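Below you will find one chain, with nothing else, as structure tokens; this is the form predicted alone, and questions on how it binds or moves follow later.
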């Protein structure tokens, strides 16, 4: 599903060039649950941005389901993101004055789906993540764990092939972290491919494949 070969990524700051990824290679098969660990500043989020077509490597190749990402323009990349990828981040961003179904349905509104159809799909997803009793609530009325459930529901709205999660439990207590991880495991069991960035070893152990980012390279560890 994902084939990354010898990608490099650097950033230029005044007076210096910082190399973040060095000849990095990675294969992810359909249905995999992959965790990428490592302390801050090791390039985990940079790699996730590349896998999510939010950024482009300086060199090397990246193929996502027969699409050569490194050769695509911005419009084609946006299409890939909309059709194939779902994103969950550490910090959730919602429209404060919209209720939860409308927040979850935002990707559908952008793609031309009717308001009614969007809300119906969003309501189904909210029930799927255990928030069927919160349909009339606003984002400000949610706990941290509930907010991440809404974020996952929104990420699933366009039926992505791959879910990319960047520290989705970073702001949560242990109980809520366990609930979110169990939800991700359930989605993976249903066939969703997941790439998870985390600094938490307990969270990473939910994955079938675990990598550690070190000096811009990946070190593989056996998963569960």
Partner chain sequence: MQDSSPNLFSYIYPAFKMWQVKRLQALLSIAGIAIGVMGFVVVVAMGLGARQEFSRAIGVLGTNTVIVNSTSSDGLPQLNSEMLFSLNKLMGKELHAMAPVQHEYRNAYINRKSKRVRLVATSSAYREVFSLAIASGRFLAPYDLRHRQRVAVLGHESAMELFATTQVSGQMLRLGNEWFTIIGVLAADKLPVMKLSGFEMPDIAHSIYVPMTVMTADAVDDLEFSQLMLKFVDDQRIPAATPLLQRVFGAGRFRQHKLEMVIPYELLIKKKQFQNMLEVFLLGISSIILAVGIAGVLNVMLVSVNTRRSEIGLRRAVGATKSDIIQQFMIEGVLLAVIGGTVGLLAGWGTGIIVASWFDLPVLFDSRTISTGFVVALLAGVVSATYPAIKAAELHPVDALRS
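None of the values given here were measured: they were computed from a predicted structure. Note that the rigid core is defined as the largest set of C-alphas that superpose within 1.5 Å between two forms. Residue numbers count along the first chain shown, from 1.
The form predicted in complex with its partner chain is left out here; the points below concern that form.
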Do all of 28, 44 and 166 end up near its partner chain in the model of the complex, with near meaning a heavy atom within 4.5 Å?
-> no
Distance check, residue 123 to its partner chain in the model of the complex, heavy atom within 4.5 Å = no
Touches its partner chain in the model of the complex: residue 111 (any heavy atom, 4.5 Å) = yes
Is there any non-hydrogen atom of residue 81 lying within 4.5 Å of its partner chain in the model of the complex?
-> yes
Taking heavy atoms and a 4.5 Å cut-off, does residue 146 contact its partner chain in the model of the complex?
-> no
What are the residues of 87-125, in order along the chain, with a heavy atom within 4.5 Å of its partner chain in the model of the complex?
-> 87, 89, 93, 94, 95, 96, 97, 98, 102, 106, 107, 109, 110, 111, 112, 115, 119
Rigid core fitted, then: does residue 120 show a CA shift of 2 angstroms or greater between this form and the one not shown?
-> no
Is it true that residue 95 shifts between this form and the one not shown by 2 Å or more at the Cα, once the core is aligned?
-> yes
Align both forms on the core first, then report whether residue 80 has a C-alpha shift of 2 Å or more between this form and the one not shown.
-> no
